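Shown here is one chain on its own, the form predicted alone, set out as structure tokens.
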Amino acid sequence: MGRVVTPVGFGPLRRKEDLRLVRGRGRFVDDIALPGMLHGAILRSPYAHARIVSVDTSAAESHPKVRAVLTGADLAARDMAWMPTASHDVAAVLACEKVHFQGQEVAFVVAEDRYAARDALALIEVEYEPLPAVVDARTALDPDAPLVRDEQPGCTDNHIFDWESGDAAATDAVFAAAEHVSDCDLVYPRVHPAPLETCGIVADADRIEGRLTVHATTQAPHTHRVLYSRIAGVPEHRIRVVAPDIGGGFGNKVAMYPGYLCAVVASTVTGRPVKWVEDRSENLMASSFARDYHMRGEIAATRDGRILAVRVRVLADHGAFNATSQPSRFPAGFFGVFTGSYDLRAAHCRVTGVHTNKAPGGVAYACSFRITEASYLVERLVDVLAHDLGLDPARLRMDNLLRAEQFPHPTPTGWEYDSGDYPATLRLALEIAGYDELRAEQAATRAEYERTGRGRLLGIGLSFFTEAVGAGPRRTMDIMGLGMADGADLRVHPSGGAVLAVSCMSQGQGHETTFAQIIGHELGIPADQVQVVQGDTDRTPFGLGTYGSRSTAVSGAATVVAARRVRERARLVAGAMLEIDPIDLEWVPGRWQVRGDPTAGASLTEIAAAAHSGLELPDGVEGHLDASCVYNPPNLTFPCGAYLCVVEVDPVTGEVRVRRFVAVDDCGVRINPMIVAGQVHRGLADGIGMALMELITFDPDGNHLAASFMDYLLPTSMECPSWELGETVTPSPHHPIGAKGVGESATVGSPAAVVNAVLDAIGVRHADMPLTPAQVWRAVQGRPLRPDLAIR
């Protein structure tokens, strides 16, 4: 990265928040202790599917430290047994008549301390009548499949929705006339976001004032306030949601979980603050998952490798309740970008959502609304096509990528990509990696292996992705009827310092630094003179929060617009100060000066002081420099990237070592390259984890088989190489500063590169993630996968 400088505006700048976080001075939900606070614990179902015959809480209630026990019946009496989801479904807060997945919430105990609450769980007696479970989406629609949601009137099967994108007839016509068609069945298995900090809440219901204060681990404080109001019937203006420091989210902290609502009810019942913080197993078993897509893809092409069309059929496992946090009109999220980065004539996909006896959720783990699945699908299809036609995968991609002159580019599925130079991005990745030399080394390695039967096999994997970031334009996107605009309020003090309040919420992305730099760039204020306020509904403007890489693309844009409004106000005040028509002033960083006379002017600090003084201002010009903005993005932004992974595979043991990883990203204008690099590093590690080790799986009875980090494996620095990064920059034409966002790019693009590299090494056309040593070894041997390792 080179020497770190401290710019005013864009450039590498050490994160302001790290001074607090790395010294252990952060304040997280579990650090909050209020006077008289009680502690909650949840009794969870041991069965994936069962009738609840009876619940006896009398022994738990007699525990000397227990202050309340809540059941589904208690909540039903308050008309709070069910809560709305973000996908127009409802989810049980506490199960009443039936449990739908293992780990579902059945009862909530409130006690004087956390240990007593946990101990009292064992005193609750629940009689269950076990039912057959359905855990495989591929059998969920069978006529004899167990019915997951039989509490819904008229429900006769596990079907949730069918959703289509693209032109089916046109796509079929292209396929019918194509010289070549390749196809592939792919599974993107269920994985988990696994934030460092689990979910939690401190709820404080003030009976006297009629107010509810909630400290919660949420990525979307304002959305949660709306939900609390709708469910609990408390007016929004009497609810304050505070999100303090958050130890990672990755989408896991977008959703509303039953523990949150139970804590609110318990605080109301007891009249005391109630804290609930889940443990790691609870987080793995019952909070939002990611992926779980079964996909069949087809790709049509000419014999010489000109890609013509893509056709896809998807079976989406949404678990027991449809609770994905995505725009209402997109049941499969933004999967419509499955056309990837290629110039196609036609495309069509059909996605069917089904219920199973698994935890609900989805759209988590930095998946950017199903784009990770879409990108993986098309990049695997391109490699399969290259394999079938005997073409070099890099050359195949280069020949079919969209060209710079084709932007803005309307895709066959109705999106409009804003900008990009895809060939230049891929070319740079190949140059950094030394692609031709790597292929020569690979050939030599294979020859040696075939001659001696020893050594490791070298694999080279590519992927090229186009992300969709910045949801979303109000004309097409909402969640639960809430538009997806975000706000920014900017206040400039008489001293020239500034306070910016934004509706997005950092979970470790460096917002305090990034947004301060945006203000610095627009107003010429050093970042350390800008305070960024977030995560408090009483102090910040309304907005949908942080997920799907929306922060810079939407809240960042709102910040720019607010700063520019401040700048224009400053021009008027400067005109009064200098006794000159404001039209004769020009802006230079941090200062308005007389056009043609740099010696005559006023700095923003001087102007701010004047704006708060007794200076006589022109009629119609208000004092102060404060401004705000609610930003409705005209379009999504579309970052892109070219990734190249080099692996070494031991064909004897199936062990995979990632030797190199080259990532070239185009995220538009970069505000802080250090933060961008950090985001990319994290996402690349995600990709290695998903490709090689991460998997949530279940036995046929729906028992969760990955409820601890002993079973659910995450990548560490031991599995990661030293990343090699590059960049191209094509500013978004509709974003005020040309930024596109980068938070999810590496997670979207990297799994396909790793899988393509492993399969390239062992010469296998396809195998599903995670490519564990056992999976790789069996693929090398040409043996079928073990049934107990198959994805369910």
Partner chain sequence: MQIRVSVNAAERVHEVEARLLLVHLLRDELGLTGTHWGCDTSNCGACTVWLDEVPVKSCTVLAVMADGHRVRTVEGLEGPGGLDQIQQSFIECHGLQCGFCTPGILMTARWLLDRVPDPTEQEIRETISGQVCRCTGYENIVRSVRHAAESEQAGWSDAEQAGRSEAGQSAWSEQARTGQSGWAAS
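Remember, predicted model here, so these are calculated numbers, not experimental data. Residue numbers count along the first chain shown, from 1.
The same protein has a further form, the form predicted together with its partner chain, not shown here; the description that follows concerns it.
- Contact with its partner chain, judged by heavy atoms within 4.5 Å in the model of the complex, is confined among 719-727, 734-742, 51-59, 757-765 to 719-727.
- Not one of V187, R190 and E416 places a heavy atom within 4.5 Å of its partner chain in the model of the complex.
- Among M398, M480, A677, V630, the residue placing a heavy atom within 4.5 Å of its partner chain in the model of the complex is A677.
- L714 is the sole member of L714, L389, V533, A443 with a non-hydrogen atom lying within 4.5 angstroms of its partner chain in the model of the complex.
- For the chain shown alone, V776 is not a contact residue for its partner chain in the model of the complex, no non-hydrogen atom being within 4.5 angstroms.
- Heavy atoms of M710 reach within 4.5 Å of its partner chain in the model of the complex, making it an interface residue.
- Contact check for D626: no non-hydrogen atom falls within 4.5 Å of its partner chain in the model of the complex.
- Its partner chain is not drawn, but in the model of the complex it has no heavy atom within 4.5 Å of D89.
- Along 682-700, residues R682, A685, D686, E694 each place a heavy atom within 4.5 Å of its partner chain in the model of the complex.
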